[in-house]
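Only one chain is given next, in structure tokens, and it is the form predicted on its own.
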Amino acid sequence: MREVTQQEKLMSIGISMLALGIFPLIWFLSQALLFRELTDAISRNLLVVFALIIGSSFIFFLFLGMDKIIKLAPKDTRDALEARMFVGPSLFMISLFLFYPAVRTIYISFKDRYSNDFIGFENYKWAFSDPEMIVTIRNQIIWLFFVVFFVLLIGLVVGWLSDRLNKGEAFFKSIVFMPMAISAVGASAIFKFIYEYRPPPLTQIGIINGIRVSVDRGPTLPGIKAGEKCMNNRIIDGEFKDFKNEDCLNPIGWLQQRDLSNLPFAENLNPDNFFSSILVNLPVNTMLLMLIMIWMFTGFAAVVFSAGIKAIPQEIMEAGQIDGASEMRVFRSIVIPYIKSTIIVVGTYMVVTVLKAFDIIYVSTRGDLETNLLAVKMLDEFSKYRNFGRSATVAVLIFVCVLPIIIGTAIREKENTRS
């Protein structure tokens, strides 16, 4: 085996630095400066044509020149240098648009309102002492626990049941998966109409309140059929029917309820009882908003789990059934352990999705009425209150929550690669 000389080592190091540093910098700056100057000089359509012809040609010759330089290196190192040549621009773009903003955000989180002066940990003290931020963190924890738990639980059950269907499995899965095709904004708008509330005597256009004000809870009067005393402001046989009667149920502002204290359900609860007190203080509006995300992602989880269940060898399932195990025992002792890695992957995805949940809150309540989440709070501090330091602090909190997920995923992938 030929010994590599000191000169060849230095040449390989120099070309590596060129491939990973100077070459990506030239690649980026040439494109950025060129098209920045041309943006105001020529029309957009002409700029696109120019980019396709001139821009791509420049990139081609840039890579061609880099390839010529790599051929000057020893043959043993050319493959590695060529790989660095193609990886270099990607690493540069990741560092520029991902790593640098993350470091910059952490830096700004230690500065004041307009990012002028350092104020130490004042923003972090605010994050864990401000009443509004404490409610926001509380909501985020509730979302993380309940949304992830119910998506995994319902997804597992639906995936298991759909796999047991003899006919119509594809149709059933498509129906369950359909909410995933709806955007978060669209799903929020749908549920906002379901929860809609209008102060009486206005007509209730929300589905829940529309049904609620049409229900009679009093005795049927002579000459009046059941269900005709209470109507949602309808004209029947020329007579206007409303829900002003004391026997009619009143509409409820579902998204306006911070707890259960204003609901008829809480009237029979003992406020001195510990569990009743916890029940009364449940944030109703937050839980109703969580239902939107659960509805959206249950189908996704069910389809993924169903695919994992189908990968279980049939012999194992049959062996459990022959041993006399019930369906529940097979599900608990065979299915869940076998698709454990799939459950972890879906759970990880849902944790990240919940941490960046934004659309549902923004469309439904705009974060008011104690329904805020960290992603919306970050935007509020940036655009509404113009406090860049606090906005960066909330962003750092989101990053800190995501970091264990990233590290855990990297460790798990490393273990899977070794195995």
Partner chain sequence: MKKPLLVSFLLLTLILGACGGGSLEGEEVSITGALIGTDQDGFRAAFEPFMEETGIVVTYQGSDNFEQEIQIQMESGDTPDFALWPQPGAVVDAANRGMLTPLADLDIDLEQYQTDFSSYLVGLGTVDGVIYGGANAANLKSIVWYQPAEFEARGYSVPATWDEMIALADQIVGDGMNPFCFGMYSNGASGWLATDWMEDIMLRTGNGVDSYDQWVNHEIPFNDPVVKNAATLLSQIMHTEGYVVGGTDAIVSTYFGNAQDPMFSKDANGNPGCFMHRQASFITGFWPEGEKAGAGSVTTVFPFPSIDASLPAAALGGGDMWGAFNDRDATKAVAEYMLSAEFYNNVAIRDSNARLSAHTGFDTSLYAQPINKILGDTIAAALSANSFRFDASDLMPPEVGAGSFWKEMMNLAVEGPGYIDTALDTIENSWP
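Numbering follows the first chain given and starts at 1. Here, rigid core means the biggest group of C-alpha atoms that superpose within 1.5 Å across both forms. Treat the numbers as computed from the prediction; the structure is a model and nothing was measured.
The form predicted together with its partner chain is left out here; the points below concern that form.
- For the residues 120, 201, 337, 101, the 4.5 Å heavy atom test against its partner chain in the predicted bound form is passed only by 201.
- Put simply, of 107, 193, 240, 275 only one has a heavy atom within 4.5 Å of its partner chain in the predicted bound form, and it is 240.
- Judged by heavy atoms within 4.5 Å of its partner chain in the predicted bound form, the contact stretch among the candidates 153-161, 290-298, 340-348, 108-116 is 108-116.
- Not one of 71, 306 and 416 is positioned with any heavy atom within 4.5 Å of its partner chain in the predicted bound form.
- Its partner chain is not shown here, but in the predicted bound form it comes within 4.5 Å of a heavy atom of residue 197.
- Of the heavy atoms in residue 186, none are within 4.5 Å of its partner chain in the predicted bound form.
- At the 4.5 Å threshold, heavy atoms of residue 356 stay clear of its partner chain in the predicted bound form, well away from it.
- Though the partner is left out of this view, residue 46 does reach within 4.5 Å of its partner chain in the predicted bound form, counting heavy atoms only.
- In this stretch, 120-146, the one residue having a heavy atom within 4.5 Å of its partner chain in the predicted bound form is 132; the partner itself is omitted from this view.
- After superposing the rigid core, the C-alpha of residue 61 moves by 2 Å or more between the shown form and the other one.
- For residue 384, a C-alpha deviation below 2 angstroms is recorded between the shown form and the other one after rigid-core alignment.
- When the rigid core is held fixed, the Cα atom of residue 356 travels less than 2 angstroms between the shown form and the other one.
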